[in-house]
Each structure stands twice: as structure tokens, then as C-alpha cells.
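Before any questions on how it binds or moves, here is one chain, the form predicted alone, in C-alpha cells.
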């Protein structure tokens, strides 16, 4: 009788290899576009803030402040989108009873985290060549922040994928939500510049806590916005993953058969 643990590992390995080939070599220079998108965003926003004569951001280097915020948000966004479409992109695997919807979502999210590590390293190497110090002063805080954002992206994507199956008309709404989240999470606009009580309203968004914590892990002198809590992000992340797992459990047959 096959060991369930080894069977699961083989399933994850098969999905991972298939997804990696599609993401990196599905179209011409697909691997290059994975780096070009965040690099172009970071470069454009850095030039924009420099043109506004802003040299630092709340005690942090401007370019690194933008790079860390964008990379942190892209970690969430890309993970969520990959998990949202995991079932549709892996339908052939569901012909095997060992493969479950969670396997596809988890492996796609894991691949995205793997790719984001290399993308971030590439961008930080460029930052080092420009004379900046891209090393975090609190690596554990960075790992916790990135882990919370990744888990929240996984939970959001799993939950959204079930909602999209039950109500297909919500597909565009759930994808469009990424743009307002990008704007209200402090990715390109510092939360410290938002006056009260509007800032407190923005802090309801757990992504803002993740981005601020990620920046705080790099800069010892960074002025973190009052009220930021990494525990708040982790609570949202765990709740979203549990909700996604529960929905997958209840609607598993419908998700696979549609």
C-alpha cells in the first residue's frame, strides 16, 4: 500500500514541474517578463518620487522603500492570482483520484514564492550596485512578513476560486479588486502622509500591516505607522486559509467536475 505522504509529494512534484515549465518557458522570454514587470514598476515610481524631490521616505532610502513595498505586494498579488486559477490550469491532473484541488493551489502558490525569491534577489543585487544596502537588519521580521503575505495570498486565491466557480460573474470583480488594494496598502503612497481618521480606515486592510512590517525589517530608523501589527496580518492569513480549505472541502466534487 502506497504511503500517503510519499504519494502527496509525488503529486506536488508533478504539478510543480508542469507549472514551472509553463511559467518559465510557456512563451518566448517568459522568464524575463517575470523580472521586467516589478523592475519597471520600481524604476518608474522611483523616478516619479525623485522628480517630486523626495529623497527618503519616513527615514528609509526612497528606492529601497518602493522596491520592498512593491515586491511585498507582488508576492501577495501573484500568489493570489495563481491560486485563483489553479483548478482551471490543472484540470488534467484531476483525472487521478490522488490529486485534490488544494494540491494545485498550494503548489502554484509555492512556485510563485520560489520565483519571487529570485526576482527579489535580482532587484536587490541591482540596488547594491547602485550603492545602497539591501540587507535587512531584522531577517526574522522579514520572513514573518513575507510568510504572512504569502499565506494571505494563498487563502484569498483559494476562497476566490470557489466564489468564481459558484458565481462566474464575480471573476472580473475579484481580479479588479487588486488595483484598489495596490493603492490603499501603502505600496506607493506612504501611510504616514494620510491624515487621521482616514489612516485608521486604511489600516483595516491587512496588506498595509504586511508592507509596513517588511519595510521595518530593512530599516532600523524607519518610522512605522502607529497601529501596525504583524499579528493582525497573520490572523487574516490563517482565517483566509481556513476558509479556503473549508470551501474546498465542501465543494470539492463541484470544483473538479465543472
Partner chain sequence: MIVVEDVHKRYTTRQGAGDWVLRGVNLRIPTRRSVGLIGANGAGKSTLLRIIGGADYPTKGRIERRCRVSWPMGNGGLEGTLTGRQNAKFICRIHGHHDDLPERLERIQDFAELGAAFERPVQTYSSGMRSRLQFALSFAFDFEVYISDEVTSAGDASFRKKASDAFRKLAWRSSIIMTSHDEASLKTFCQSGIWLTGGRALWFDEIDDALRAYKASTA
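Residue numbers count along the first chain shown, from 1. Quick caveat, the model's predicted, so the values are computed rather than measured.
If you look for the form predicted in complex with its partner chain, you will not find it shown, but the lines that follow are about it.
Of 71-79, 140-148, 123-131, 86-94, which is the one stretch near its partner chain in the predicted bound form, taking non-hydrogen atoms within 4.5 angstroms as near? Of the options, only 86-94 has residues within 4.5 Å of the partner.
Is residue 249 near its partner chain? Define near as a heavy atom within 4.5 Å, in the predicted bound form. Although its partner chain is absent here, residue 249 would stay clear of it in the predicted bound form, with no heavy atoms inside 4.5 Å.
Even though its partner chain is not shown here, does residue 99 get within 4.5 Å of it in the predicted bound form, heavy atoms only? Yes, contact at 4.5 Å.
Can any non-hydrogen atom of residue 15 be found within 4.5 angstroms of its partner chain in the predicted bound form? Taking the distances in the predicted bound form, the answer for residue 15 is yes, it comes within 4.5 Å of its partner chain.
Does any heavy atom of residue 238 come within 4.5 Å of a heavy atom of its partner chain in the predicted bound form? Residue 238: no contact with its partner chain in the predicted bound form.
Can you work out whether its partner chain is within 4.5 angstroms of a heavy atom in all three of 56, 178 and 191 in the predicted bound form? Negative, none of the three is within 4.5 Å.
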